[in-house]
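A lone chain, given as structure tokens: the form predicted on its own.
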């Protein structure tokens, strides 16, 4: 009898793993889970702790599986998993993280790795979400917390169904070093994988299902959609109060102020304790600010100074490596979470601090822990790197949930599954154009991004940047270093004030759009490619016809990365420093100027010269934009406001206006309402507006309502 060796057994195990097929489960209508091999138990979704919105997903219409399952291939080679998905000839791919320079990802090789963005779309970014969506109306999520490599239409297999034709470079000018590829291939350094396929009637439908599967998008407090100023790093309590008074005296809106590193006794690494020389009475100071209608947000990073009061207690539950000589709490370990959360809770959350700016949880490699780092929970250094920003978001969000009060903050790293966590990504990279491209891409991957304002060389640049943040998830000046204020450039101070006030007026609209993000999965800021009637092919790719120079030729269409949809109805087309004119691509249907109500065009490319005072904004036919009165602060819970409801164009239409108390989580228990706004023509053909009555026992924060028909 032949002796069976360990080597033989291992070879048999490897063979069986390679021979097995993908196991499919339909989780909800249009949502399938694929499982292959032995997936890691620690994944992106498990780290985030996100739970699908089952009540919404289960009611969706049945949808056919969007791909040919026989063309989805998985195998294990040398302990690594390889996945392959088919691509059609004219299919475009979007997503795969928070990219800053490209919207089309076909023809790219991306190594998805949490890091500070370094100026190149190579997969190393603040939110390397391994979710992509196709122009064919489906999306795919690879649920792994490992570093993943995506070959998006770049590898060419010899058994391809659509192989490229070999050409002679010596004689054929159409030869390319990057021949056509018909697959997305994914390299996963693990002995198995769990992944999801989302199908819909459109790409937006697939994204909505992905967001809903990850718990729905976040619903910020109303004040989070107001205006925020982050003050210089060594400000004192008196400095902060003086600056807040300046905002009020000059009539600039302000809802929350960000305190930078100087609020702590030690930073880089941090003590998480108030510096009493700058803030002698933190609780009293916080209360004074709250009484003025202004909340406070605290900068921190989660690395513990040797001089912190929690240093000795938390040390056994920290990683093997330090960051800036500070220990790294293992945010997967219950004791580390308890100690760290208690410190934040007792001296900050409990006295009324409204949120955090969580810095430096992204990169660079030279100051964060290396991949071989170990943590007490047993989670690897790589998996911790991919999820640490999410873990920090989840921990702090949990503190506010215990208080039944919502927060809205900033973070430098996120990933899949964190869709419902109340954080906006930011960074130190400062290209205005690339900031807008990131805003476009954020809608593909379930994260929020702010094109913040820090400083500018000219008043023109200052105003152009400020106009952009008006139509973004968080309207923020980050003056931690520059000390800039909205009025720092007197020549454009009035225009800046106009947009700060407009941001406040738009609060009912943005709040309703975020409610749709939470309840329906619709991203509030999204690419033009997701807008019905938008035809990318209206402008084919110009320039080189070589795939080496222009790999996007594989899917023909031109990237549109400098305009985007802000909610259901607003199309925003920023201008940048030095530009006086720009081209705007309008989807099919009539579109109207936001400011005047005049017809701008229909399904065409227009050239506009708006002047320095205006950022081009257009509203689709039938667009309904609810505005509230100009205010310095967001309405308090239960406070009623007057509203003007604008209608654009000639179409009859309707809009659902969301309402709740604006601050608590009571909406999760049903304490919210949708009030239907309708625009209809009377017997004479004149447009008339109406709004449904508030439901008894439901929130009602609306006083007087007036209608304004912009396109006469």
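The structure presented is a predicted model; accordingly, all values stated were derived computationally and were not measured. Positions refer to the first chain, counted from 1.
The form predicted in complex with another copy of the chain exists for this protein as well; it is not shown, and the discussion that follows is about that form.
Which listed residue (238, 605, 428, 639) meets the criterion of a heavy atom within 4.5 Å of another copy of the chain in the model of the complex? If I apply the 4.5 Å criterion carefully, the residue I get is 428.
Could you check which residue among 633, 278, 516, 582 gets a heavy atom within 4.5 Å of another copy of the chain in the model of the complex? None of the others qualify; the residue that does is 278.
Assess the spot marked by 671, 692 and 702: is another copy of the chain within 4.5 Å of a heavy atom from every one of these residues in the model of the complex? Zero of three within 4.5 Å in the model of the complex.
Non-hydrogen atom contact residue 397 with another copy of the chain in the model of the complex at 4.5 angstroms: Flag for residue 397 set to no.
Could you tell me if residue 102 has a non-hydrogen atom within 4.5 Å of another copy of the chain in the model of the complex? Because no heavy atom of residue 102 falls inside 4.5 Å of another copy of the chain in the model of the complex, the answer is no.
Partner proximity in the model of the complex: residue 367 to another copy of the chain, non-hydrogen atom cutoff 4.5 Å: So residue 367 counts as contacting another copy of the chain.
I'd like to know if residue 248 sits close to another copy of the chain in the model of the complex, meaning any non-hydrogen atom pair within 4.5 angstroms. No.
Want to guess which of 167 to 175, 85 to 93, 223 to 231, 618 to 626 is within 4.5 Å of another copy of the chain in the model of the complex, heavy atoms only? Looking at the other structure, the answer is 167 to 175.
With another copy of the chain taken in the model of the complex, which residues across 495 to 511 come within 4.5 angstroms through any non-hydrogen atom? Contacts from 495 to 511: none.
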